[in-house]
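In the form predicted on its own, a lone chain appears below as structure tokens.
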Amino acid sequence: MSLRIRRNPRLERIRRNRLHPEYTALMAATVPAIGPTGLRRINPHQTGFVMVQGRKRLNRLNPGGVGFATSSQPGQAQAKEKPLHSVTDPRGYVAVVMDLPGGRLSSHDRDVLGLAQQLAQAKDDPHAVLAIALGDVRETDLGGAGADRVIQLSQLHTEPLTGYCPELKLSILTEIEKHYQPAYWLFPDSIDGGADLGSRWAVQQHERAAVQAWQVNKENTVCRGGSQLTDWHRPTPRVLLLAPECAAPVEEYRYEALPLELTPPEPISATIEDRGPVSVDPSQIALSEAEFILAAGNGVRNWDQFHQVATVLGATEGASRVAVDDGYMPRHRQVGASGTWVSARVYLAVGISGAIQHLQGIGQCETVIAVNLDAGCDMVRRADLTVIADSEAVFAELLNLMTERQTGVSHQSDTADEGEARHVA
């Protein structure tokens, strides 16, 4: 019996006929075509995605991606169910104290959970990753981020854990140490609370913590120092304050995220009083440090309205290169590979088509919202939420909504037609 791969003339005819009823299903398959000589060939017509308007777009953020979208909505691939990773009887734990800014996992938290899984799997006996969530938690997929077990507390003896309360949180960590004795304690080395709490915990445990650690295994740790220009090598300690991108987030498996019970510690009298956050002018925040950015592109015409919306929403202003070159925004507000790389939690792009340099600059943003008239532009492809509408209409609606929220008075239109016109696509 010959092992030579043979051609299928029927499938080749279907590939050449886009009107054939089996054409879509056949082109969605990832099996490469067979050439006349029996060699496997990549079909260039199969690379990319078909947008809403029927135009095909290349996925520049994932050049290796091949195949058309096969879901009910164009441009969205079907999600495959990941295999479940379970630890039935853990002999130990790797504890991760997450920042959870705004109640949700940050990219820094996901990196730390990814490293925790690496340390847990490097142990000889089965270890589980214990994710510790203190405060207001809105995240619903801790298992998808790499948590085998979860301890979640929003308050301690009627005292909320949402503000700055390191003494209350340290008492909880002490109780976890008493009951579970984790092999490692992992904290994000960030301004969102991980650096402060991790340093306090290391002092309380008489441990010499590794700070700004970015390469870690069970034996050695590499830390950044000297204004990020020097690497310090040391044995891996028990308490680690980890830098961003210390490890890749988990992707291959989903995890159980089973809740664990914890006996609340005894009440303590805290000496630190949280007086709340200090208001800061968003226009004075650098783009690289901003959490909420409102960026404008060539599609914005009413710039006074744009500045007014940014002020009302409390957003830091940004712009595309076209808007900066045209003189509408200063150069230090340019976002992109040729401007400033940003890592905002929310990036609202208005009238920006999405050049490759701009998409590279917003690659670390958690949530991207696009407002554009072109449903097939690259920014729409990148966005998590899209509004297909004119920028002035969206700005006007945002101003009305913020006015209603501040005054409590609803500004509704007098006629039914005007009321129907007030919507976001």
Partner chain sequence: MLPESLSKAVAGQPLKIAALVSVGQHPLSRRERQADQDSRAVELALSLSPQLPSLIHVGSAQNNALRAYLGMGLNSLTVLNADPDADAVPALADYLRDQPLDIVLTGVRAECGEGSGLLPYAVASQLGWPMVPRIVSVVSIADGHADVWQALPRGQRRALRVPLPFVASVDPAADPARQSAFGPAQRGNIDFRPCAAEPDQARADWEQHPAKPRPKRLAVAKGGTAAERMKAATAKPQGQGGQVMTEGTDREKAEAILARLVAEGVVR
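Remember, it's a predicted structure, so these values are computed and weren't measured experimentally. Residue numbers count along the first chain shown, from 1.
Omitted from view is the form predicted in complex with its partner chain, to which the following refers.
Only one segment in the set 118 to 126, 150 to 158, 333 to 341, 291 to 299 has any non-hydrogen atom within 4.5 angstroms of its partner chain in the model of the complex, and it is 291 to 299. For the marked spot (Arg10, Ser86 and Leu142), a heavy atom within 4.5 Å of its partner chain in the model of the complex is absent from each of the three residues. Its partner chain is not shown here, but in the model of the complex it comes within 4.5 Å of a heavy atom of Pro244. In the model of the complex, none of the heavy atoms of Glu261 sits within 4.5 Å of a heavy atom of its partner chain. At the 4.5 Å threshold, heavy atoms of His20 stay clear of its partner chain in the model of the complex, well away from it. Contact annotation: Ala95 falls outside 4.5 Å of its partner chain in the model of the complex, judged by heavy atom distances. With the partner omitted here, the residue from Arg254, Arg104, His307, Arg200 that has a non-hydrogen atom within 4.5 angstroms of its partner chain in the model of the complex is Arg200.
Checking Val322, Leu313, Ile176, Ala183 for any heavy atom within 4.5 Å of its partner chain in the model of the complex turns up a single hit: Leu313. Residues Thr367, Ile369, Val371 are the members of 357 to 371 with a non-hydrogen atom no more than 4.5 angstroms from its partner chain in the model of the complex.
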